[in-house]
Every structure is written in C-alpha cells, then in structure tokens.
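The chain that follows stands alone, in the form predicted on its own, written as structure tokens.
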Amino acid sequence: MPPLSILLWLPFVCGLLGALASAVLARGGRTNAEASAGDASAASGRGAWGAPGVVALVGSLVALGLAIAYIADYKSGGAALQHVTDTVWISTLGIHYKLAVTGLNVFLLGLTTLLFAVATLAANLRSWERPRLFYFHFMLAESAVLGAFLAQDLALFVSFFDLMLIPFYFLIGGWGREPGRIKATIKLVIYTLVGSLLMLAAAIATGVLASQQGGGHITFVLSALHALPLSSGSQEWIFLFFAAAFLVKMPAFPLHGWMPDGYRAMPIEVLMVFSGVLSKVGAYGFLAIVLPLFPQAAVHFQTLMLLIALASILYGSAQAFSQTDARLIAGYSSVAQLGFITLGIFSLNSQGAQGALLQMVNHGLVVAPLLFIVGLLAKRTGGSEDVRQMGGLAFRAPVLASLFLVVALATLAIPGSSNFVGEFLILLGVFKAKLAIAIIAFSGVVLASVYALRLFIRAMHNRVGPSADSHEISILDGAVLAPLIAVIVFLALYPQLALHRSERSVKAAVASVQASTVPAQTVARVISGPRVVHRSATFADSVRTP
C-alpha cells in the first residue's frame, strides 16, 4: 500500500495543478484582454468540464480508489495503528507528523473520499465564476478533512481541524447564494473560530500537563498522552473546551446558531460535503481523543452530554417537521441525527459507541444525496426550495422518485437499513447507561419518520405545484446519485463489514472510561447484597467484615 501522505495530499495537489495548468492554458498565446474574455466565457455557462474541474475530479476519484484499498487491506485483528507514517515535525515541541489507519477512521476515510468525489462530479455539471479558485479550495478542504481523520498527534489534529475552516470560508463567502452569504460566512467563522481557539488552548494544556508526569519531555502523540493520564480536575476543564469545539462543528443544540444561515448560503455541492463529512470530525474527535485522554471527565459530564444530545434530537426533529425550506429540513434533521450519534458515544459502552460510528457513515451517505435531490427539485420549481411550491414531481420522473424514496426510507431508519442497525445499537447502549434518556430518545425515531416522509410526499406526490415542471433525472445527475444509493443498499445488506472492522478500536476507545467506572460500580454491587457479592468474590474477600 502507498504511504498515507499520498492519500492525504493528493486532492490538494490536484486542485493546485488544475488551477496552475488551466491558468497556463488559458493565457498561453493570448493577450490579457483575450484571457479575461475567456474567463468571462467560462463563468457565463460555457466553462463546465474545464481543466480545473476535470483535474479535481480525477484526483478525487484516485483518492477514493486509495481509500477503498485501505478498507480492503485493513486487518481487524492486526495492529491498532496500521500503515503508520511517523516523522518528527517540530522536535522542540514534541510534535510529530504521525498518520495511521484505525478501526475508528477507516470507513470515515471511505466516506470522505466518496462524498468529495460525487460532489466534485456534481460541481462539474455547472459553471462557476473563478473556477480555478473554486476547485482549489474544494480540494484543499478534502485534504484538511482527511488529515483530521488520519492524525495521530494532537497538535497535528488541531492543525487540520483549523485548516478545514479556511477553504470553506472562501467557498461560502465567494460562491455562496445571495442574499445572506456574507452574514452566513461571518457567523460560521465566529462560532467555529471560538471553538477552535478553546480547543487549541486545551491541546496545549494537555501536552504541558502530561509532560510534568513524563519527566518534563513534552509530547502531543496520542498514544504517548494516553499513557500519561491527567488529574481529574485538569481533565474536566480541558474536556469542556474540547466539547465546545466539537459540538459547534457538529452542530449540536444550543451551539447551532450558524447552521440555518450557513445551510441557506452554501452551494449545494459544498453543502453535500460540509453536512456529510465535516460534522463527523467533531463526533470522531470525541471517540478518538476525548474518551481515551479524558476518561474521568467523560464519566463526570456523561449526564450533561446525554442531555445535550437529547435536546438536539428533540429540537432538531421538531424544527425539521415545522420547516418549509427543504434545505433546512435536511439541516435540522442533521442536528437530530448527530444528537443520536452523541447519545451513542456518551453511553460510554461499546454497543452505543459502535452504533454511533456506524451512524456517522450512514448519515453522510444519506444527507449528501438528500441535499443533491433538493437541488434537483429546485430546478423543477423555478429555483424555489420551498416544499409548498413542489408537489407532483414524480409524475414524469419515476427514477428520481425511486431514488428519493430509498434515501427517505434510509433517513427514517426503516428496519432492514444500515441506519436502523446504527440507531438500534445506539439505543441499546443508552438503555444500559441511562434508561430514562433512552425512552425519551425513542420519540426522535418517530419524529424522523414524520419529517422524512413529509418531505418526500410533499415533493413527489399530491397536486402538482403551481410552477413545478416534472421531468426525469438526467444520466449525469443519476451518476452522482448512483454510487451513494449503491453504498446505502450495500451497507443495509452487510453492515457487519463496518461493524467488524471497527469493533476492536471502539472497545479500546471506551476501555479507559469503563476502567474509571469499575471501582465505584463494584463497591455498589458489594454493598447491595450477598447475591451480587458472589459475582465479585475476589473483591468481596478484600472488603469482608470480620
């Protein structure tokens, strides 16, 4: 297998080459006036499938092929870190350029490369102003997300986490929809930048405090930090800083204030990867960083995090049910689904965490085609994304309606889908942790069926909208949806592929948390009565009264 750095930096290099090559081709042998006229022609609609887009598409497809190869090559019974790249980056600060494939990130790599590949294909189906810059930022965003998933050094993770913000700042501010793109950009930057600064302070504190236990040698390598646990007091405030950064990125209630404006302003192709992939970086950070490094704080704040997750489920579901803007229905449904993911992670047991990891993949596979379909529906209603202007669009579009139905049924986690497996494992884990919260969380499952079916029925059936034009999906649009639908169906038939590869890493992620709860639980069992004492005879002998 090639080094992970190739997978990581390939999209960025292709975006850069596409921008430079197209600039040379555009200006070679022409005057500045002619070149400017050519750029204007490209922006006016005749520039689709230009050099920047084609090079970016090729790079994203090669990255997808590499990610599939890493999934196929991953040994679930092998080393915890596979295909490791470890080079000292800043020796004075103990920062390493360390990358690795684990059970936690292997399918997230596949999700990232798949969604960027189909979104790049979708972007090639339309023309953009300043296409060289657009595809450069788009490919930089893919490399930043891959870096966050692959990083095995805390400082490196923070670097990629912050790098993700830069290309999306330009993608929204430069190519977002009017009105409101500037307002959306500012709100997104303020929210995420505050969270990022808190996380940066927490990461530095983690390395410095851990070095005091490691003989004064500072390090940010995750495996080394795991062997240098912090005191419970330090863990608690650092946990809150990391949680703030991750909850803003997801987003979770009540830190979702940037979401409505951001979702309205983003181009659909950008929103597909933002909602499908970037939100998962926060959830992944909880599993890969927070639980292993700050287990006592995770236990201490478990109830708080479960309540935040529950509030996100109920609030997101209620808002999705009441919205008429199709984008915001998808946006608030994402808040609810990420609430389920947070619920599974902070069940603090392997069933809930494994369900959460599977649901990260499921949600990305569902929300990306859902948003693309919203864009297709808007083209059939004169540009309106209001569900009240739709209706009857399945009349001459049975293929589009069928694809939409598959996505809608997966969204509501119908039995037989991989989403059902993910939610079942999450609720199973929460039942073991907090019964009352699990019972209330079931209402989110019911509400998901309401808003998913409401969106499908209002768009596809009933009376034809006043400005609706029902026509079938094109072959190229179908090429964007087909890979996503195929993977949704495949995981529905064989979810064990993802569960088997992630099982060992998930158990390792929650092992520290479970170890920190064992003493208190054991004492409670001993005190509770002789029937439980028999199950822990060794410990009971040590506390038996004379």
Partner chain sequence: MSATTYGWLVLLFPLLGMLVTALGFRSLPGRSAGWIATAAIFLSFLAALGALIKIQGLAPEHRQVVSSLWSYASTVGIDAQMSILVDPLSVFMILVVTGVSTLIHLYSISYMEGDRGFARYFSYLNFFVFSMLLLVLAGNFLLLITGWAFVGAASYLLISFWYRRTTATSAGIKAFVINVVGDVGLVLGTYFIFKHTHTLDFLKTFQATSAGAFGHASNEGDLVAGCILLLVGAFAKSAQIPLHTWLPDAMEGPTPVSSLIHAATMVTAGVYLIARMHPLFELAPAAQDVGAVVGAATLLIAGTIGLAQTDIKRVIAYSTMSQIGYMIMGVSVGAYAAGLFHLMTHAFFKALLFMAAGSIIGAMAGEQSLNRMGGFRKAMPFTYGCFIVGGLALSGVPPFSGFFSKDDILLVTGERGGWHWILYVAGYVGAFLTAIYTFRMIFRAFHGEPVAEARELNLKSHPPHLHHAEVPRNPANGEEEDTDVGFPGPTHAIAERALPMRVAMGVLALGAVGAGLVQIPKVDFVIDDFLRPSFAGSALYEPHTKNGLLVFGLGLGTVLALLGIALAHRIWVVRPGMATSIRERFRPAYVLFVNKWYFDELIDMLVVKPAAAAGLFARDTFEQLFVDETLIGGTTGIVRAGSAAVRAAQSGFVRYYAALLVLGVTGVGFYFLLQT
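These numbers come from a predicted model, not from an experiment. Residue numbers count along the first chain shown, from 1.
A second form of this protein, the form predicted in complex with its partner chain, is not displayed here; the remarks below concern that form.
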| query | finding |
| --- | --- |
| Contacting member of Ile475, Val446, Ala436, Ala72, with respect to its partner chain in the predicted complex [4.5 Å, heavy atom] | Val446 |
| Position in contact with its partner chain when the complex is considered in the predicted complex, options Pro260, Gly375, Pro267, Gly110, heavy atoms within 4.5 Å | Pro260 |
| Complete contact of Tyr191, Ser322 and Ala394 with its partner chain in the predicted complex (any heavy atom, 4.5 Å) | yes |
| One stretch from 396 to 404, 285 to 293, 270 to 278, 223 to 231 that, in the predicted complex, holds residues within 4.5 Å of its partner chain by heavy atom | 396 to 404 |
| Touches its partner chain in the predicted complex: Gly216 (any heavy atom, 4.5 Å) | no |
| 4.5 Å heavy atom contact, Gly383 and its partner chain in the predicted complex | no |
| Residue contact check: Ile308 to its partner chain in the predicted complex, 4.5 Å heavy atom | no |
| Distance check, Ser76 to its partner chain in the predicted complex, heavy atom within 4.5 Å | no |
| Contacts with its partner chain in the predicted complex - residues in 348 to 369 whose heavy atoms fall within 4.5 Å | Ser350, Gln351, Gln354 |
